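This document starts with one chain, in the form predicted on its own, laid out as structure tokens.
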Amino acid sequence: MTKKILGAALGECVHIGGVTRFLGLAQELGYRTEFTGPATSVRALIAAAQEVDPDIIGVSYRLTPENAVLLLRDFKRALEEAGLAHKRLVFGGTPPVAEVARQTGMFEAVFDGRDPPAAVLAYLKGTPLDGMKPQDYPQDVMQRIGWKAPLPIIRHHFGVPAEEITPTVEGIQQIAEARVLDVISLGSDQDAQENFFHPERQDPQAKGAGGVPFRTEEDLERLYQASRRGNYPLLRSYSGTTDHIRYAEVLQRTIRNAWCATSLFWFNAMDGRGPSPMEQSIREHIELMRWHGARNIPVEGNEPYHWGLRDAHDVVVCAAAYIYAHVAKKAGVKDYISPYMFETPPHLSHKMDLAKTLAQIELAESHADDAFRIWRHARAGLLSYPVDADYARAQLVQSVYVQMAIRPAIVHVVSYSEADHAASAQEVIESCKMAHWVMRTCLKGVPDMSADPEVQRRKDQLIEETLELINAIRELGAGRVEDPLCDPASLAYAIRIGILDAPQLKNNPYVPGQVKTRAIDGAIVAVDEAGDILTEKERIRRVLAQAEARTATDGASR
């Protein structure tokens, strides 16, 4: 049976914003709600309660605490006289008035505007945060998403660049106690990712450069234990760039890695983040996906935005989203976390950025079915933040607002401090609070930016051109392998000749880096020598012709 909530702004109080937001969330969760309106007298509220017979009565009062003492005393007496003293009661108001409400002992929950963002949702779902035990906080990311809905869960990087891990341990404790973050993503230094099992290769002078320098399983266990408080956030860390399976086993044993984040074409010799050459690296990443899929551990493909970070045109970014989802499904992944980094590169317009993201979503989710679930994961662009902290705060909130247009299950908050320095625990907390405020605002209802005709036209164009690129890769391996999109040799060859390419990869031994791109009307497009737009069909024709010419030249020289 559907539960009912009756809400009212009591007495002479005309402030209804809080109670209407509360009732709106209740409706999202399936409650039937009734609202008496502002300035409801005690007598009128009792009459409404007798008529509606609600399961919960929500009372709001935002005036002076002295008046609240008298009003709530009258309300309690009226409930008793009407035989309604057994009703469940919840209160919302300013902190001083909320304290008065707590002292009455009438209310099973009291909200004063300073509560953690999930507090109201937890109450409406039947488990108030104040009464939650450690085991009540889901420690599986899929369950956490369901528990937090309709709000997305929040992830944030954290790792204090230092010579040892104690500052990060203390920061994790502080973040967990604040109860604003669902997933702490360990920001590790390079040696932690690449040389965890090879102390002889570690550089003592670079210890802590870029993140937390965990070096042993005991370090990781200590970081995990720091999170066992507050709202018990999940922990996760990027995959290693060598010894992939062994590293994954360590992360599962120690921090109970919430999901695996890996790639296809990156974190190897091409970008200098690992030792493996391209074809071998692709094979290793696929094996890592397969290992996690066999254990029902979600996998995130941090692939598409790495092309965008290097100024690849939008079609290549969209193709990477399609290819990774295709490979992950074939590798047996059950839950795929599909990331969408907005403002990447930062000279995209919001319109064209959203169009590119919607195209990626449609292409990736064309693979989805009951056995392959896809979870949208939005984040702000790494390069989009100004150094000025005030401007950076504005960038954070406007980015989250646009991200909410894709209805993400996960929002990766990037701290406003990142253009200047790695976020402190306090800056992580502040940034998450800002993001939560935007998300809660969006849940009340916002214009549908995805319906914009220009956005839809660009999305459709990108899908059409992306499929041209995908078909070109399939043709490369046609007759040689069953599925070129899952074949490391075919994928490596597609990069080697420039089917997948980006301007910032110039002089790279694994990829030509010859493609030229420009921002035109807010979109990132491939252009010719004169700066005119190249269609994807024409770009691919030129790439294949150059590859054929090189092959002929090499043959003649031999």
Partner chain sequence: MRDCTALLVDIGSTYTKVVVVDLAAAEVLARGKSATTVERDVTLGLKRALAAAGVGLRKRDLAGFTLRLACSSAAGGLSLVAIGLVPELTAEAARRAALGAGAVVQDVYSYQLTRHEVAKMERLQPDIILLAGGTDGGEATTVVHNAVMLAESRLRVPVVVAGNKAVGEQVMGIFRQLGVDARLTENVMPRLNTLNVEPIQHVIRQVFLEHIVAAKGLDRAEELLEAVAMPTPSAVLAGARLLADGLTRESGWGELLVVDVGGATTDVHSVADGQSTQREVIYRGLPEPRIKRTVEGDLGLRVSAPSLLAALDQARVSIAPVKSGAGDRQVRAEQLRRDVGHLPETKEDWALDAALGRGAVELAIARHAGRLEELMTPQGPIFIQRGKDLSQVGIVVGTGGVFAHHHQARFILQGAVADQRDPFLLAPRRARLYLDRGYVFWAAGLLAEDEPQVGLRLLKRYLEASGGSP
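Numbering follows the first chain given and starts at 1. Just so we're clear, the structure is a prediction, and the values are computed from it rather than from any experiment.
Keep in mind the form predicted in complex with its partner chain is missing from the figure; the text below concerns it.
Novice: From the list Glu66, Asp532, Glu51, Asp521, which entry has a heavy atom within 4.5 Å of its partner chain in the predicted bound form?
Specialist: Checked against the cut-off, the match is Glu51.
Novice: Which one of these stretches, 488-496, 51-59, 523-531, 509-517, sits within 4.5 Å of its partner chain in the predicted bound form when only heavy atoms are counted?
Specialist: Heavy-atom contact with the partner occurs in 51-59.
Novice: Evaluate Glu28 for contact with its partner chain in the predicted bound form, applying a 4.5 angstroms cut-off between non-hydrogen atoms, and reply yes or no.
Specialist: Contact check for Glu28: no, nothing within 4.5 Å of its partner chain in the predicted bound form.
Novice: Does Gly18 make contact with its partner chain in the predicted bound form, using a 4.5 Å heavy atom cut-off?
Specialist: No, Gly18 is distant from the partner.
Novice: Answer with yes or no whether Glu548 is in contact with its partner chain in the predicted bound form, where contact means some heavy atom within 4.5 Å.
Specialist: Answer no; every heavy atom of Glu548 is more than 4.5 Å from its partner chain in the predicted bound form.
Novice: Taking 4.5 angstroms as the cut-off for heavy atoms, does Pro503 touch its partner chain in the predicted bound form?
Specialist: No, Pro503 sits far enough from its partner chain in the predicted bound form that none of its heavy atoms falls within 4.5 Å.
Novice: With its partner chain taken in the predicted bound form, which residues across 12-48 come within 4.5 angstroms through any non-hydrogen atom?
Specialist: Read in sequence order, the residues that approach its partner chain (within 4.5 Å, in the predicted bound form) are Glu12, Val14, His15, Arg32, Thr33, Glu34, Phe35, Thr36, Pro38, Ala39, Thr40, Ser41, Arg43, Ala47, Ala48.
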